[in-house]
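Just the one chain here, the form predicted alone, laid out as structure tokens.
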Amino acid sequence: MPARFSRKVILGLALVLFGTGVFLQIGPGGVTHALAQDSTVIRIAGSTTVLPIVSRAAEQFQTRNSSVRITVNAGGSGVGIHGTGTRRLDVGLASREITSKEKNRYASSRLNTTVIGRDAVACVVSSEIFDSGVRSLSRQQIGDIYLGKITNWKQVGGPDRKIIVIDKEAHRGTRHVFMKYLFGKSNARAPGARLVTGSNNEEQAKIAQSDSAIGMLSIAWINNDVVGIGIREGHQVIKPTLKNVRAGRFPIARNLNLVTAGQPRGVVKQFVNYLLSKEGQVFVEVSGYIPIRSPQLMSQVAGSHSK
């Protein structure tokens, strides 16, 4: 059985660095640098889905603003929202919407969301399973796999091989969106899971190393070893492509969010505006996501907030 930790323990471990007053900046190649105490620091952490966008933008923003240093750390959407709500972060990264429980818990922080891009969560499988003929599954079939009702790939037209079901940590935004689609509950349990992972790159690696795994990933993390399968709705198969997400056809789509305590101000506002600018939106696209600078996507973003 995988080791499981409580949400409080995970959030506490991820945020302990910020409580010490010592910050590290992620530089090119993942190299970390100590920051001078007299620098203006923007503290950012959260979703590993949103992180590539913000890391790229932060590097460029700092070259133009020499007095500003931006720390960017991972941890998951729950970490980003919690850190912003407790004022340990200036900006939280979230690949899901803030829950009503979180809004109530951090009411004094007046959590504010700024959408910077659009993404989708794909049901992914090991390339060996895809190559064997499992190219699409229905929501019912995926749900039954995560519930442990379907345990062998031959039950859904694949090889006679046990399914390795991979789940994510409870505070991860990708999991919230995926479980909401499958079961109508973002915190639904997955008793069929054999392994629990954290970041996108961790889950991607686990699925690639297996020849019989299934999991959930942002479509930007799909590759030749970890393949996104279509969602079967009746006789129609909807593939996890940027084209289908742009058109609003893919059923597991989501906004990529920056979370602040109230409306962003000062240098934080400057950085948020930079991400929303034409130049900033390029970082969304090169990271494998969909920029929001189009009437069609702005309409989808507005619609998702009104639900």
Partner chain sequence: MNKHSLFPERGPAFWWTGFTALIAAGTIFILFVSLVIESVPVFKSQGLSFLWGADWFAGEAYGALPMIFGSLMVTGLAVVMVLPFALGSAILTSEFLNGRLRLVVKAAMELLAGVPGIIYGLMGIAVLTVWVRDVFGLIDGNTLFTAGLLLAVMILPTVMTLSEDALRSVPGEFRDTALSLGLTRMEMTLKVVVPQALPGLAGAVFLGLGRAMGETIAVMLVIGGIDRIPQPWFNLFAPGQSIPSKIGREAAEALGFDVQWSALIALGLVLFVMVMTLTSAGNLLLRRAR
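Only a predicted model underlies this, so the values are computations on that prediction, with no experimental measurement involved. Residue numbers count along the first chain shown, from 1.
The next section is about a form of this same protein that is not shown, the form predicted together with its partner chain.
J.: In the model of the complex, which of 109-117, 161-169, 130-138, 232-240 comes within 4.5 Å of its partner chain (heavy atoms)?
T.: Going through the listed ranges, the match is 161-169.
J.: Contact check in the model of the complex: N104, R254 and R293 versus its partner chain, with a cutoff of 4.5 Å between any heavy atoms. Do all three pass?
T.: Checking in the model of the complex: none of N104, R254 and R293 is within 4.5 Å of its partner chain.
J.: I145 versus its partner chain, in the model of the complex: is there a non-hydrogen atom within 4.5 Å?
T.: No, I145 sits far enough from its partner chain in the model of the complex that none of its heavy atoms falls within 4.5 Å.
J.: So in the model of the complex, does V79 come within 4.5 Å of its partner chain, heavy atom to heavy atom?
T.: Looking in the model of the complex, residue contacts with its partner chain include V79, since a heavy atom lies within 4.5 Å.
J.: Contact between Q209 and its partner chain in the model of the complex at 4.5 Å, heavy atoms?
T.: Heavy-atom contact with its partner chain at 4.5 Å: present for Q209.
J.: If we define contact as a non-hydrogen atom of the residue within 4.5 angstroms of the partner, is I222 a contact of its partner chain in the model of the complex?
T.: No, I222 is distant from the partner.
J.: Determine the residues of 194-229 with a heavy atom within 4.5 Å of its partner chain in the model of the complex and present them in sequence order; the list may be empty.
T.: The stretch 194-229, when checked against its partner chain in the model of the complex, contributes R194, L195, V196, T197, G198, E202, K206, Q209, S210 at the 4.5 Å heavy-atom cut-off.
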